[in-house]
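Okay, so here's just one chain, in structure tokens, the form predicted alone.
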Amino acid sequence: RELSSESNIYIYCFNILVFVTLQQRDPMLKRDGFEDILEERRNSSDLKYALRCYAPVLYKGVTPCKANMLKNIVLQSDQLHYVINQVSQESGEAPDIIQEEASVILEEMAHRLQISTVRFFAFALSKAFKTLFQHVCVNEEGIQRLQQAIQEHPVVLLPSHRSYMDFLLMSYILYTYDLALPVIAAGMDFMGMKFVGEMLRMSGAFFIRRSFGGDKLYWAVFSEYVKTMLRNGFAPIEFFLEGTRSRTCKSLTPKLGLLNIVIEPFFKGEVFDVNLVPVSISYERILEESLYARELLGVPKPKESTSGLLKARRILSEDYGSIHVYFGQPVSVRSLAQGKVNRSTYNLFPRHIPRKPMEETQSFVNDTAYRIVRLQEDNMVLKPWVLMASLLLQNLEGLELSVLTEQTVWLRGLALSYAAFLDWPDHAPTAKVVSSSLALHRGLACVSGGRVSLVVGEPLGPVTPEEALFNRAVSVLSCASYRNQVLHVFLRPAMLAVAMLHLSDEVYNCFSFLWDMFSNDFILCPGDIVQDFEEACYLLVKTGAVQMPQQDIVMTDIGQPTLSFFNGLLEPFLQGYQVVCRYLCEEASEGLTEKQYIPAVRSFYSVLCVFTGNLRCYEVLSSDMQKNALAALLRMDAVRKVKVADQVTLIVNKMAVNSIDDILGKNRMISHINQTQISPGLSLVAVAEDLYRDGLTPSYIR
């Protein structure tokens, strides 16, 4: 094409630059195909499968290490002896006593992998998976890459974490493909499960505390145990980078503790390289969907127990669709660290002396963690229902089935143009795809009179307004857990769309504000704000939603539906953060503690929602959104934490919070409600009567 002006040359070069950047950032645009491993299981004996010859190839041909031998190596290590002597001097206790404590910690922690237990699980899980799931699909090319990586360097498996099923599924797949079984970091919660806890230990789980506090000895035992397994390549190490299951099905901010431990042997020259393997596990229907929604609304998480597991067997009568497990390209720590970390500084001190990581090391580990989570997101397989859920949540009053079908087709095209990993049935009529998705998720959405709407659980007897709100919120949050699975595809152009629609004259500044504000809710790699802005521009230009004449960003005639959809996609987050800001400015007491914060915000919004009609920002009731909003305000110095005695108090800078609220958008209804002087002792009915007496008509937070 002939370039007629300087601005066209700029746009042309810009598009090339961003395209090259995206190619470098996402080398997996061409993804592997899948094989259904349950197909063979349905056509052959499960017992024969469980008892088959299992002879995996190990790292550089090492001999598998017995659990007791591994513990002896750890207890005799120079690093642990150094810390034992240190603790002995600090506490005044004899080194032998501290050594015994270390031995007890290790005994409680260590796995006792036994092939007989693995075979039992292989048999039992085959039966369960065939009942629960239609397909369990695995990318075989990823398995082949993993097999090669295990033989060359120590391997660390880093799966996404959306369900308790994840770690069982990982071991099942590796056993199926005759690969070395991983040792898996598991929380202490599972140890309390009689019989099951020990079964998990004998299938490769090692148990760690959720937090170590300042327990120097525990940290030393734990880190040396993990590093010993890594250095000797006895088995791949598996842990969840997010630290816990994501109740929202959004990726969580990565935790760095274990990643620091597995990378350290490379920095110290104890291993030539470490391969980090991101694994994306995608569920068409999540086993814990309603449980997660209730936990987010404040219902206590059920304690892990064997009796609870037995009660949960009723799920075996349900259909949970398909699972896709994608083993990503192994990431070489050596290659990543090239030019970023000066490893020679590690030679200045004896290897066995624990040292706090240097600033450049911490920065590298943090960047690596975000990179891995982004790779997990890129290879998440999305089913049609996630697109339908995204549309239904923007139309809580429901949609005509024909309209939902039409819009799902439109959204499918948009998602594919943004390189979404979408699993859409080949050659199937769109109407059939939509009806099949609705049938699988009939507990969340139903069709009545040709109209599709979310299902709200209806109790048998009369309900209070608060109970009705809770039931509606469970429905919305359950559905949102599926919409959240596609957010990583649309997030950057969506933030740009919001910036354009709300602050068209200061688009980049508004985008930067949103990027900073939402960096706890979404995976936004530190330092990538300019790159993310360029990516957003490129994607919106690519799909014809915007043009960039003379370096401006202008919506096209056909761009309105795309930008409106993106604005609606982020609307719950904008509204939720605004409600938190308003509460902190106008309702929070001087001595508000961190513990009181979540129930107080939930109570504040309940008053707004129950008795003002049409307020429908149900997601602000989620503890996840409330925590993320507070984290953003803390990071932006709008709120401070102050420890008073044993309580952490929140100090609110009301001017700063008001300023943030102004950017998010003023809301007349919230302002009016604050003028009614709601107090903790005022009944909700009285509040409602006051509002309606003043002639306030129901409206939507905007």
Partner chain sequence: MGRSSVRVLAAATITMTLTSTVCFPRQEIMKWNGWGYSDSKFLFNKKGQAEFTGKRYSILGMVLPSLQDWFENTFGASVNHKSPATPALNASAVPPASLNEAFVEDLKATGIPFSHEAEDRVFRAHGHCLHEIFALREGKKFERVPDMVVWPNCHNDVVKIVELACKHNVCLIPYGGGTSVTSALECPPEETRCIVSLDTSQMNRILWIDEKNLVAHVEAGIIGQDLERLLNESGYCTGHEPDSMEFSSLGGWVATRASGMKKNVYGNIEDLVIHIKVVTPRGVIEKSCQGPRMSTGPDIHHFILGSEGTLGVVTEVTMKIRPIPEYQKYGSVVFPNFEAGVACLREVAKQRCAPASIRLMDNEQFQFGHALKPQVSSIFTNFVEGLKKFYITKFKGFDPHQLVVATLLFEGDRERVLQHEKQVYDIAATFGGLAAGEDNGQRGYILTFVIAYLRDLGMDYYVVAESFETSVPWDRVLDLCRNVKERINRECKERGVQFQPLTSCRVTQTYDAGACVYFYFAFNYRGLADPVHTYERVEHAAREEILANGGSLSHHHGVGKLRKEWMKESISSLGVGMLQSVKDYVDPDNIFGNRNLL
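Numbering follows the first chain given and starts at 1. Predicted model only: the values in this text are computed from it and were never measured.
We do not show the form predicted in complex with the partner chain, though everything after this point is about it.
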- Which of these residues, R351, R451, K542, K216, gets a heavy atom within 4.5 Å of the partner chain in the model of the complex? R351
- If we test each of K340, R343, K127, K432 for a heavy atom within 4.5 Å of the partner chain in the model of the complex, the one that passes is R343
- Message: I need the one stretch from 158 to 166, 395 to 403, 371 to 379, 268 to 276 whose residues put non-hydrogen atoms within 4.5 angstroms of the partner chain in the model of the complex.
- Response: 268 to 276
- Query: Wondering, does K60 line up within 4.5 Å of the partner chain in the model of the complex on heavy atoms?
  - Reply: yes
- If you check in the model of the complex, is R247 within 4.5 Å of the partner chain, heavy atoms only? no
- Query: Do H153 and the partner chain come within 4.5 Å of each other in the model of the complex, heavy atoms counted?
  - Reply: yes
- Touches the partner chain in the model of the complex: R412 (any heavy atom, 4.5 Å): no
- Query: Can you name the residues of 398 to 421 that have a non-hydrogen atom within 4.5 angstroms of the partner chain in the model of the complex?
  - Reply: none
